[in-house]
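The form predicted alone is given below as one chain in structure tokens.
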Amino acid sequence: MSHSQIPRPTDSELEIMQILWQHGPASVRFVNDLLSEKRDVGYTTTLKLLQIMYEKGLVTRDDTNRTHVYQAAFKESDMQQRLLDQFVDTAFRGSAVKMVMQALGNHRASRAELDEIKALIEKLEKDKE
């Protein structure tokens, strides 16, 4: 499946996806307990969100037991790429250079971060040869 075919999650759905990526397959109760650590979220709200995510194809569901267990249907890196592609297209008219320049111009990158960026550029240049 191409990145553009991955359904786009809402912010709340993405928050749930992050829990599933970090902790693996989980019950509604487990997801709700983690969400509730940050803000007041009702169990039925979490259940409804997971049901919607299942219908959208964002998660899979194992319903062989009484307690349904949900799992992310896509790897985190695939979702990140999908969201980044959309963000670059809409916010920077498809220009990754504009995005990087904006990010570096407004963020004080540490020496280690700059070294990582340089290493990535060198790797990309080698891959082009």
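No experiment lies behind these values; they were computed from the predicted model shown. Quick note: we count residues from 1 along the sequence shown, nothing fancier.
Same protein, other form: the form predicted in complex with a further copy of the same chain, not shown, and the subject of what follows.
Q: Contact with a further copy of the same chain in the model of the complex for Tyr43, defined as at least one heavy atom pair within 4.5 Å: yes or no?
A: Contact check for Tyr43: no, nothing within 4.5 Å of a further copy of the same chain in the model of the complex.
Q: Although a further copy of the same chain is absent from this view, report whether Gln81 comes within 4.5 Å of it in the model of the complex, heavy atoms only.
A: Contact check for Gln81: yes, within 4.5 Å of a further copy of the same chain in the model of the complex.
Q: With the cut-off set at 4.5 Å between non-hydrogen atoms, does Phe92 touch a further copy of the same chain in the model of the complex?
A: Looking in the model of the complex, residue contacts with a further copy of the same chain include Phe92, since a heavy atom lies within 4.5 Å.
Q: Thr60 versus a further copy of the same chain, in the model of the complex: is there a non-hydrogen atom within 4.5 Å?
A: Because no heavy atom of Thr60 falls inside 4.5 Å of a further copy of the same chain in the model of the complex, the answer is no.
Q: Thinking of a further copy of the same chain in the model of the complex, which stretch from 35 to 43, 52 to 60, 65 to 73, 100 to 108 has heavy atoms inside 4.5 Å of it?
A: Checking each option against the 4.5 Å cut-off leaves 100 to 108.
Q: Are there residues in 111 to 127 with a heavy atom within 4.5 Å of a further copy of the same chain in the model of the complex, and which are they, in order?
A: Residues within 4.5 Å: Arg111, Glu113, Leu114, Asp115, Glu116, Ile117, Lys118, Leu120, Ile121, Glu122, Leu124, Glu125.
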